[in-house]
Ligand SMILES: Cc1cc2nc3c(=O)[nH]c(=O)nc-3n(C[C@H](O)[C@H](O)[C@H](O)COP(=O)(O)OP(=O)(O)OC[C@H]3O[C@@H](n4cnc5c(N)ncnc54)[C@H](O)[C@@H]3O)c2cc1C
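Take a look at this one chain, the form predicted alone, written out in C-alpha cells.
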C-alpha cells in the first residue's frame, strides 16, 4: 500500500495541470493514469483554440476563468516553452440571423471584459481574409483569440509537474475506491493507494470514477466530431481563426491555422454511436468539405493529408426514474467542479477546457489546500520547463553548432516535418513509448506521408529503448506497452 496526500486520477490536460498546480504546495502528489502515456484521451483531439471569453455567459466560473486564462496565456507558454500564436479570430456571418448572433456576442464579450472586440463590414473582413466568400456580410473580430498545440501543452504540464515532484503512475486504472477514516483507499491494476484528497480528472470516465463513492448527479453523454487537416503547403491561406456562424441553426465551420503551419477544419457534431470511438464518418467529412466550399471557396482541399475524430464530454444532470438514471434538460454549459468531502471531480469540462486547463488546475489546487489545512508552499517549485529543441526552427549557424555538440541532430528522420534523430531520441527519453507518443512530442509522422517514411526508424528506436521486438511496439497503446518500473 502506498500513501499520498493527493491522488490525481487522469493524465490529460486537466490532470497534468492539476498536478502542476498541486506541486506548488508542500505535499505529496501522485497521478494515476489508466493508459501508457499522457494525453491519450479527449485531450488528444480538439480544435486547439484559446478563447477570449466572448462566447460564455457573464457571471459564470467558466467566464471568469476563460477571460483570466486568455490574458495570462503568453506567460504560461513562455514558462512551459510551448508555441502559442495569438492570431486573432473572425466570426463570420452570411445573413441577418447570424449577424444578430454576432451583435449579441459583442455585447456579451464587452460585459465579460474581453478587450479589442469590434464588428467589421464585408470590405474590412475580406481585406483581412481575402479567401473568405464574397457573401460574408459581417464579422466579429477578437484579436485575443489564439491557438496552441494541445499535445505540446499537455506534455509540457506533465514534464513540469514531474520535475516538481509529482509521481506519475501509468497503466494504473482506478478500479475501486472507498472512503476511509483518513481519506480514500484506491485500488488499481495490481496496486493499492491511500490518499487524503482525490482529484478526479478522468475525462470520459469522470462520472464513473465519482460514482465509486457517490450517488449519480451528473453524467457524461459523449458526442463525436470529425476534422480535416490540410498540409502546411496551404500556410497563409487563412491567417486568422475563422468561426462560421451559420444562417441556419446548427454547427458551422471552424478553420484554425495551427502553430505547425497546417490548417485544421472542423468540427462536425454527431452522436457518438455513429462510428467507433476515434473513427471518422464519411458523412462528417463530406459535410466539412461542403462547408469549406461555402465559406472559403478557393481553399485547395486536395491538400488534405489526414482526418481524425474527437469525443466531446457533454455533461447532463440526471435523476432516477424506474430504477434507471435518465438525463434532464439540456447539456450543462458551465464547468462542473464538485467537491464532496475530499473528492474533487471535474466532470464534462468541454470548450473552453483547453483554454482554462491551467486556471482549473490552480482552482482545484486551492480547494485541495483548504481541505489539507493549508500545507504551505513548495520552496523548490519551478514553473519553468524547457521543451525538446526543434532543429528546423534554428538559424543555420545555431543548427550547425547543435549538430557539432550532438551529431544525432544532423540526421533527419521525418523529412516531411524535418524532425531529427536527436529529437526522436529525446522524446523517448522523456517518456514516449508508442509511435503516437513520439509524434505528439516531435511531430514525426504528422506530414504529408503520415509516417510512411519515418515510422520504421521510430519503431526500431522505441523497441531498442524498451528491450522488446519491434513488432511489439504499438501505434497508440496496448497491453505490451508498459513502463519498466511498472
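Numbering follows the first chain given and starts at 1. The structure presented is a predicted model; accordingly, all values stated were derived computationally and were not measured.
Same protein, other form: the form predicted together with the named molecule, not shown, and the subject of what follows.
Between the options 388, 132, 354, 76, the residue in contact with the named molecule in the model of the complex by a heavy atom within 4.5 angstroms is 354. Only one of the listed residues (413, 195, 140, 202) places a non-hydrogen atom within 4.5 angstroms of the named molecule in the model of the complex, and that residue is 202.
Of the candidate stretches 431-439, 452-460, 31-39, 413-421, only 31-39 contains residues with a heavy atom within 4.5 Å of the named molecule in the model of the complex. Residue 292 falls outside the set of residues with a heavy atom inside 4.5 Å of the named molecule in the model of the complex. Contact check for residue 22: no non-hydrogen atom falls within 4.5 Å of the named molecule in the model of the complex. When contacts are judged by a 4.5 Å heavy atom cut-off, residue 247 does not count as touching the named molecule in the model of the complex. For residue 45, a non-hydrogen atom is located within 4.5 Å of the named molecule in the model of the complex, even though that partner is not displayed.
Contact check at 4.5 Å (heavy atoms) against the named molecule in the model of the complex: none of 128, 239 and 296 pass.
Contact annotation for 6-30: residues with any non-hydrogen atom within 4.5 angstroms of the named molecule in the model of the complex are 9, 10, 11, 12, 13, 14, 15, listed in sequence order.
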